[in-house]
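Listed next as structure tokens is one chain, alone, in the form predicted on its own.
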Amino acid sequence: MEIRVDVKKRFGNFDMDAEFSVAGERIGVFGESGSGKSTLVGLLAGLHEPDRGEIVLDGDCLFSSGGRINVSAERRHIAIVFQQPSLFPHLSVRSNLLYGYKRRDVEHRSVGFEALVDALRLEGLLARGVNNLSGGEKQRVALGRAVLASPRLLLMDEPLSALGDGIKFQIIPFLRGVSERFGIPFLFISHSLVEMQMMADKVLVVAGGRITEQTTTDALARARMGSSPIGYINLLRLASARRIDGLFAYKWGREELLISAGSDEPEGIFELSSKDIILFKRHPEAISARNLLKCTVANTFPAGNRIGTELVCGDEKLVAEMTNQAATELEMKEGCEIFAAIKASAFRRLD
């Protein structure tokens, strides 16, 4: 997918002046509330008409003020999943799902109903009314309805912001999985950097109605590490859980990590802040932290008034941080050996 945008739009005292060209299947749009993210969604979908400019999707011109082109929203075949599911309350789950599907010409239906229901695990919900669903179930139905319209592009406008952490991180695998399974590219809009890391590959950063940066999710997380109260969030997919002395031991590459916030589920995604990794130049004689990893420094990078460090630990990588003074005392440089200590309580399960 390739999107080229060069548009201007004024809403009251707010000016949108967006110019960018981006290609990829999983694109993030990141910015604070009021930065213009939802306005951009409306312009792409055809819900708002730019004052002037041009919008081109995969070579097809959707809007051009100079060429007097403005393809209607229904003919753009772009689907939106909003923050609120906005399901039809008088229809069942099945009827909600089929709403867009029935309105798509048969020859253009690329997503099968049964396959979609299976992918979103909706089998037991089809006969229910939507008022009898949980927040997470409603969002899965809203996603399914959008996907069954066989869109050329899926816009997800803060689809997780109304959900609690326990639910939102269960929804993310469905969001990514459906896109990958049915080959539908998406723009994922959010003000959460962790959501960006889990959902997108490339990111458009929006501020004041303008695209201020185009980068990767990892580069964005590293750049904002020094100013973030939670630092850089390492996302770890861990497997083969087993119990040891009240803790859970998980395989992580060639390593095994002891975690207090585990469960009997065999696999899971955990977050670990760069602030919770303590580094040693030499192997400590004794520490209270239950995890001690022998790592190699891959590189270091500035992060505000701190230093970020990428560590290679066996087959896996971590990002840690420290003060400039600590980096000097530890003689941090590419290729040197370091020991990383992590408390069992430092990990937080996300899914």
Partner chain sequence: MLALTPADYDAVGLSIKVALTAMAVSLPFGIAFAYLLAFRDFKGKVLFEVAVNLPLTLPPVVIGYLLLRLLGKHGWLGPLLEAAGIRIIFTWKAAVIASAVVGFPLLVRSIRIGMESIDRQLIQASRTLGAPWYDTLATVILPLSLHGIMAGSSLMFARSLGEFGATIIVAGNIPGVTQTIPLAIYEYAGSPTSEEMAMSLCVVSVAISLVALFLHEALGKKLARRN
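Computed from a predicted structure; not experimentally measured. Residue numbers count along the first chain shown, from 1.
The same protein also exists as the form predicted in complex with its partner chain; that form is not shown, yet it is the one meant from here on.
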Full three-residue contact with its partner chain in the predicted complex, heavy atom 4.5 Å, for Leu47, Phe82 and Gly100
yes
Find out whether any non-hydrogen atom of Ala73 is located within 4.5 angstroms of its partner chain in the predicted complex, and reply yes or no.
yes
4.5 Å heavy atom contact, Pro89 to its partner chain in the predicted complex:
yes
Is Arg222 one of the residues lying within 4.5 Å of its partner chain in the predicted complex, judged by heavy atom distances?
no
Does Asn131 reach its partner chain in the predicted complex if we count a contact as any heavy atom within 4.5 Å?
yes
Name the stretch, out of 213-221, 199-207, 243-251, 141-149, where some heavy atom lies within 4.5 Å of its partner chain in the predicted complex.
141-149
Within 4.5 Å, heavy atoms only, which of Leu238, Leu160, Ile78, Leu120 is in contact with its partner chain in the predicted complex?
Ile78
